[in-house]
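Consider the single chain below, provided in structure tokens and representing the form predicted alone.
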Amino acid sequence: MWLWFAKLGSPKWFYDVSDRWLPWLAGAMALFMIVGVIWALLFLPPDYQQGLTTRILVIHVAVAGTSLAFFPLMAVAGTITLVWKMKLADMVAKNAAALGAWFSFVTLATGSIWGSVMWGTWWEWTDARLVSMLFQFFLLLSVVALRSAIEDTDKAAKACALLSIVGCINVVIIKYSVEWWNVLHQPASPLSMSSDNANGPEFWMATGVMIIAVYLFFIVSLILTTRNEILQREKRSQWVQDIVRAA
């Protein structure tokens, strides 16, 4: 186990392994994404209450759920950076922050489109879930800005790690806001194919495909950006120079 953990901390090992896995992950992502988008936007039948707005809701649910994974991931990577000083963990945390900000933005945008039809408003400041998700977006931007503002790489890594750990508190607030407060946002529905479930089995089948697609997109994007970060930070290493010469 410790040998595997030590390998995981090696940028070269990660670069080599990810090079073999990327084509498979990218292929699976493309397949699920194409099927999910076409199914959701073109073939999903209208809901008896929400009409065709359930089509944008499929994408919203998938992206929103994935956006909640970024701060926990950054907190774990940040803790590994603080305790074991692993460079790879800091690279993952750095790139996850920017990706998480984009996912949070898309969550807010698709939610506003759905809310403009179902609630009759694009935004509601009294809704705790909307406001806490907006706060997550600004927190992630703050992590990106903080890292850019601190020139010392080690100090930037420590500061961002601490902010990421604190940011996990807001993830809990987002998750349970619909239970703790009276909000416009509907509570989470279990992912079930039962005909008795809200929205019906067709909606949840399409949503399940889209969730897999979005998570794969998240993984592929994070691997690609981390590989670029590795090449940038390890540019003086012999193995990186060999890759550049071979290219």
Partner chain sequence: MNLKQASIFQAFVVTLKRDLLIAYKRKNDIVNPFMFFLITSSLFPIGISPDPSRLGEIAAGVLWISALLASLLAMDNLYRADFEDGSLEQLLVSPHPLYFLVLAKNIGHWLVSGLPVVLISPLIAYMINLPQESYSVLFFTLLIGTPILSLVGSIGVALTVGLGSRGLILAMISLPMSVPVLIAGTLAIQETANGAPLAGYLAIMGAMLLGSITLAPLASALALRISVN
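Just so we're on the same page, rigid core means the largest C-alpha set that superposes within 1.5 Å between forms. Residue numbers count along the first chain shown, from 1. Quick caveat, the model's predicted, so the values are computed rather than measured.
Only in words, not in the display: the form predicted together with its partner chain, which the text now covers.
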Mark residue 145 yes when one of its heavy atoms lies within 4.5 Å of a heavy atom of its partner chain in the predicted bound form, and no otherwise. yes
Within 4.5 Å, heavy atoms only: does residue 173 come near its partner chain in the predicted bound form? yes
In the predicted bound form, residue 178 touching its partner chain (heavy atom, 4.5 Å): yes
Though only this chain appears here, would residue 88 touch its partner chain in the predicted bound form if you measure heavy atom gaps against 4.5 Å? no
Going through 132 to 152, which residues have a heavy atom within 4.5 Å of its partner chain in the predicted bound form? Please give them in sequence order. 135, 138, 139, 141, 142, 145, 146, 149, 150
Is_shifted residue 128 between this form and the one not shown (CA, 2 Å cut-off, rigid core): yes
Assuming the CA distance changes by 3 angstroms or more, are residue 177 and residue 108 closer together or farther apart in the predicted bound form compared with the shown structure? farther
Regarding residue 175 and residue 29, go with closer or farther for their CA spacing in the predicted bound form versus this form, the difference being 3 Å or more. farther
